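What follows are structure tokens for two forms of the same protein chain, given separately as structure 1 and structure 2.
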Structure 1
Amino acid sequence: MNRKKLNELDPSFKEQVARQPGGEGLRVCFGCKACTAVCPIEPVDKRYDPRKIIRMALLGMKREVLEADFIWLCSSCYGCQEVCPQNVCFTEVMFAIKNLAVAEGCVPPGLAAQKTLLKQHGRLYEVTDFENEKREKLGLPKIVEHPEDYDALL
């Protein structure tokens, strides 16, 4: 990693993360790396290292975290959360970080598409007559979409 100049860091970043729902645990990490040890992603892709992400956030490396592709690799398995001796709830911290990235305009295309689907159909998959006819043949009740509620809420 390139050397960073101190004034390129944003010391308020950790507070921004901590203010998000679920982000407050970030402050109490003492760096034991239990999270990384149980993470199923880290052995497959070394860029996703929970302890390193926490250190980066605490140091104020806002751009390097929010603009990184690797923050989207969390599988939300909650393994880190179970082993943390400090109750950091890192899976929740990652959601807080991803929420901030989205607010800064860093949205993976797949996720943006999911939001559109939710607003248009209230579900992740559109339910057409084709699906409902198939369901009817099997004696299953019809699925009705309620996009108006989702459009109003999102």
Structure 2
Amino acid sequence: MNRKKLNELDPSFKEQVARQPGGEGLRVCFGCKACTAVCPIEPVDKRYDPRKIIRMALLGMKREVLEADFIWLCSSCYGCQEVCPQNVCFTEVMFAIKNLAVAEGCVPPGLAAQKTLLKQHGRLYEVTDFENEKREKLGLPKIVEHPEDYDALL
């Protein structure tokens, strides 16, 4: 690794993750790869390797981890927790990493779009007159949006 790359590492990153709720397990992983072996995502997308993500965090590769789109691929199946000999709940570690990513402004466009929709409509899609007409025909009440309430909640 060249000097420029070494200067980009953040040795405090592992401590930042470990201080987050659920991030404590990061420190006890010894890299056996049991989590990766049971992960339903890794066979589909090789970029998502739980052992590798923990290793990157331990090495201080903060930017590479927080800016990576693959951190958002975790299916939250908790299979990793079931097989880990060190009782690391990698799903919880991923929640901690994602929380740090959001705090640093590293949010994938799709997630940002969902937040905008929730803020505007209180759901992930807008209910238009078309939907309300269908609801009326079915005897269902009209949906009235209250964006000011959604904004306050978010």
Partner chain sequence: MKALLYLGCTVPVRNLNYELSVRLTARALGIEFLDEEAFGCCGFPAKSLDSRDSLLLAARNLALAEKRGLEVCALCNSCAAALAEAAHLLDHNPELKKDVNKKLEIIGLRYEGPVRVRHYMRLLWEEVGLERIKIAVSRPLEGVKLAPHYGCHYLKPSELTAGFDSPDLPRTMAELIAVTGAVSVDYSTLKDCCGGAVLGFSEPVANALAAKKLEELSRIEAHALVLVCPFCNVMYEGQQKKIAKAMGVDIKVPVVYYPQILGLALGLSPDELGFKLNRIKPAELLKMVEA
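Residue numbering: sequential along structure 1, first residue numbered 1. For the two forms, the rigid core is made up of the largest set of C-alpha atoms that agree within 1.5 Å on superposition. Everything quoted here is computed from the prediction, not taken from an experiment.
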item	value
Form predicted in complex with the partner chain - which displayed structure it is	1
Option at the hinge, rigid-body rotation between structure 1 and structure 2, list R47, C32, C106, Q86	C106
Size of the rotation between structure 1 and structure 2 [smaller rigid part against larger, C-alpha superposition, degrees]	21
Cα shift between structure 1 and structure 2 at P141, which is computed once both forms share a superposed rigid core (Å)	11.3
Value in Å for the CA shift of L118 between structure 1 and structure 2, taken after the core is superposed	5.9
